[in-house]
Ligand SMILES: Cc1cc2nc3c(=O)[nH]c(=O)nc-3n(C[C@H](O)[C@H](O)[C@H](O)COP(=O)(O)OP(=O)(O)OC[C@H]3O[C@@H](n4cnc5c(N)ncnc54)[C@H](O)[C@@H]3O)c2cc1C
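Take a look at this single chain, the form predicted alone, given in structure tokens.
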Amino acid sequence: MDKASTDDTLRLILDTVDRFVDQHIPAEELRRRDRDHAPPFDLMPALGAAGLLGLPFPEAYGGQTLPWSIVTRVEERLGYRASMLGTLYDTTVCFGGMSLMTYGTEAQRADLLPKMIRGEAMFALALTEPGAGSDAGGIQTRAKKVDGGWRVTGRKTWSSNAKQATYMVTPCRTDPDATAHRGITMMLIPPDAEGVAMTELQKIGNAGLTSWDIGLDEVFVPDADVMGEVNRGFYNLMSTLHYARAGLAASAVGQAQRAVDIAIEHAQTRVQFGQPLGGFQAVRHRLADMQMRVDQARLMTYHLADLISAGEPCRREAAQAKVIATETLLDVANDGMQILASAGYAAESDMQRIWRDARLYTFGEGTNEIQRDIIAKELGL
């Protein structure tokens, strides 16, 4: 696809995103859902009908075979306009769709990708355990081989949207003698399978996500629901995380830009000591710094998207984008709260929602400390 065609396609798709948000989850509806803790699971079929869930996937499955650079712009726009929908979009497309594309079987892709693209199937990543988070090699959930499949026993926690998912993408230790990153296998487990017990976890933000503690007691997983090569699951998981980090970075950039725009509008209209707040150097310089940081994060995120689109290695760039974008969001949301002061602290303020939500992202999907360690290793340190 040449640049002119890509630009035209992007404009049409972003127009579709804007129309979708205006119709289904405008600002007041977004505030209501945040207040009522009502995630937009019900909007997934409409999102699929709008053609937005199939952007990077082959036409053979009902997708559009578009480059990741376009997906990134959609994720950024959703982050700006309706962040809770953007987060659900990211988990569905990245944890579900790209995992299937990267290491799922052809039978799994043929069955599940068309359903996901239509908004009829959702996915969750059941990775974190009480003793394994950033250290994915510490996974203790066990899968024992039995006739026709596996029996899985263990516990997962802080799994987003697990109960509402069609399948949980679940890493399990299949070689009891292996240690660290070895001997792990990825499996698809439906949340309503016999032996699965779930308890919802309460959070201070991100009302667009539900979070679950999951008990797995001798859960049967047929061989057909094993994803990728047995005992190579850790490497399969690592092969898709750059998509998730790219999606998170793009959403964070969108949310950060929204925080800056809210702060600018307040600075232009709030009058103190006979002039708008934006007339004070301390405020205007802070706003300038906020916008510069968002632009830097956007450039890094777009660079990562270009690498993914080109099929280039991007482990370091994915970690960099995740760190830069999420820390930018956290900082500009905090600065925005300071500029708005009591107006930002009010329950009806969009700034306080962004501020609460932002706190998750620097440790979600791999802490930023771990991302820095990845960057250092990629630099040969």
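This is a predicted model, so every value here is computed, not measured. Residue numbers run from 1 along the displayed sequence.
Beyond what is shown, the protein has a form predicted in complex with the named molecule; the following relates to that form.
Undergrad: Contact between S159 and the named molecule in the predicted bound form at 4.5 Å, heavy atoms?
TA: Contact check for S159: yes, within 4.5 Å of the named molecule in the predicted bound form.
Undergrad: Even though the partner isn't displayed, in the predicted bound form is T128 close enough to the named molecule, meaning a heavy atom within 4.5 Å?
TA: It does: once the named molecule is placed as it appears in the predicted bound form, T128 has a heavy atom within 4.5 Å of it.
Undergrad: K203 near the named molecule in the predicted bound form, any heavy atom under 4.5 Å?
TA: Output for K203 is yes: heavy atoms within 4.5 Å of the named molecule.
Undergrad: Please tell me whether any heavy atom belonging to S211 falls inside 4.5 Å of a heavy atom of the named molecule, as the geometry stands in the predicted bound form.
TA: Although the named molecule is absent here, S211 would touch it in the predicted bound form, with heavy atoms inside 4.5 Å.
Undergrad: With the partner removed from view, which of 228 to 236, 159 to 167, 300 to 308, 73 to 81 is the stretch that lies within 4.5 Å of the named molecule in the predicted bound form, judged by heavy atom distances?
TA: Answer to the contact question: 159 to 167.
Undergrad: Can we say A341, Y345 and Q352 each have a non-hydrogen atom within 4.5 Å of the named molecule in the predicted bound form?
TA: Not a single residue of the candidate spot has a heavy atom within 4.5 Å of the named molecule in the predicted bound form.
Undergrad: Across 367 to 381, which residues bring a heavy atom to within 4.5 Å of the named molecule in the predicted bound form?
TA: The stretch touches the partner through T367, E369, I370, D373.
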